[in-house]
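Shown here is one chain on its own, the form predicted on its own, set out as structure tokens.
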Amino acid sequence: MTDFDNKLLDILSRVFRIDQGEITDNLKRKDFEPWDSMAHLMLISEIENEFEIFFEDEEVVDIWTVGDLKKILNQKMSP
């Protein structure tokens, strides 16, 4: 697992208050009660601070799974 993956898992675990082992790419906002609108905003803020990036509004609303989040992050982190 890369440093990037470890940092992201740590953030997800802290924001959702769950064990990292429970986090998969298929974890969905609509099916996971702790991932409410407030947790979503906290998650975005934590990721922006940790990775020193900025999400556009369209990107924030397009994140429905951990896999979506990773895809957008990978695009932003690529040179």
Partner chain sequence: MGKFLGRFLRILAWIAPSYQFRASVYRKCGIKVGKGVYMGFLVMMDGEYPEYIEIHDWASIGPGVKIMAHSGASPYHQRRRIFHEGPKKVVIGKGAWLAAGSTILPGVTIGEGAIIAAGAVVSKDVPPLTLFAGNPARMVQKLEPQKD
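For clarity, every value in this text was computed on a predicted model and none was experimentally measured. Numbering follows the first chain given and starts at 1.
Note that the form predicted in complex with the partner chain isn't included here; everything after this is about it.
Student: Please determine whether I44 contacts the partner chain in the predicted bound form, using a 4.5 Å cut-off between heavy atoms.
Tutor: Yes, I44 lies within 4.5 Å of the partner chain in the predicted bound form.
Student: Would you classify E48 as touching the partner chain in the predicted bound form, given a 4.5 Å non-hydrogen atom cut-off?
Tutor: Yes, E48 lies within 4.5 Å of the partner chain in the predicted bound form.
Student: Note that the partner chain is not shown here; using its position in the predicted bound form, name the residues of 50 to 71 with a heavy atom within 4.5 Å of it, in sequence order.
Tutor: The stretch 50 to 71, when checked against the partner chain in the predicted bound form, contributes F54, F55, D57, E58, V60, V61, W64 at the 4.5 Å heavy-atom cut-off.
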